[in-house]
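Single chain ahead, written as structure tokens, the form predicted alone.
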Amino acid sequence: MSSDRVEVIAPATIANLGPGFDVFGIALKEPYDVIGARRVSEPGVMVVEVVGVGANRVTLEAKRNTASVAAAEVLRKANVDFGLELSLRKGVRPCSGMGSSGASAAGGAFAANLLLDKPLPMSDLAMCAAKGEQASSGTLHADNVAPSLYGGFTIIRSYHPLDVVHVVPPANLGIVAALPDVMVSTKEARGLLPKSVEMRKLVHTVGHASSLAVGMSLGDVPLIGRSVSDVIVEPVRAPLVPHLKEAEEAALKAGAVASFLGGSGPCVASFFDLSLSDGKAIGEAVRHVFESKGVKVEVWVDGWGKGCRRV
């Protein structure tokens, strides 16, 4: 342990990526949360401050704040006798579909781990962060916390036990993330999920998810684009995001290889080939769809990003 205080960056993420519900995720370069942690003698974790984008929607209650729950899990697993004070500077808006609660959870776990005399392995941090996510969404899922921790592209091979596969995406894989001024809660979006799935849809999903993972591994951006197709989850969530289909179509016409609902929404995410385009036209095309309808939108255009790291 080098000090009693640390500050870490925890990036936003896009989960699902079409056919990979609760399995696939990818880290972004921006936006990101900044989590500060201070070691204190009294056991337990306390959230002393939350500022930034949508801070009024983030609770200070330690048992419900994703960062503090994740940090507390790290301390419990490490069996230490000290506590932490946390501060959060939100850069990832809550209810965005860009892994806001996941970024805070990943950052809380990562920061707590840096203050241990004997740090836990990354696999343990992923589970601790996933339990933080559970405090927010009501379900334990790791498709946002995993890429926020590891960076790049991640696959949740198994939840029992939790097993994260980390893949370095193609260097030329560009990402456009467009966030319209619409609020979609993860709990609400999960409440729309079907209880059963037709076999033909299952076959479609397995095929596309498999080829997307192969495309990431081989560095094949066109294959990734052809593989982003969701016939199960996005169709039932689409009504939560006005103008979603128009935005996706505009992105494709502007040069994206794929465009899809980011996480539970309302983020509209698009993939493009950085060796062929800087992606700005895609971002502007999506922006125009929303702004022409009177909806404010924020757009990020870049490649994929690294995971949690110390400032």
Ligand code: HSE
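One rule holds for the numbers: they count along the sequence shown, beginning at 1. What you see is a predicted model; the values in this text were computed from it and never measured.
Below: the form predicted together with this ligand, not depicted.
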{"item": "Candidate stretches 115 to 123, 173 to 181, 81 to 89, 136 to 144, one within 4.5 Å of this ligand in the predicted bound form by heavy atom", "value": "136 to 144"}
{"item": "4.5 angstroms heavy atom contact with this ligand in the predicted bound form for T186", "value": "yes"}
{"item": "Heavy atom of E298 within 4.5 Å of this ligand in the predicted bound form", "value": "no"}
{"item": "Contact label in the predicted bound form: D22 to this ligand, heavy atom within 4.5 Å", "value": "yes"}
{"item": "Partner contact for G263 in the predicted bound form: this ligand, 4.5 angstroms, heavy atom", "value": "yes"}
{"item": "Partner-contacting position among K131, H204, K77, R190 - heavy atom within 4.5 Å of this ligand in the predicted bound form", "value": "R190"}
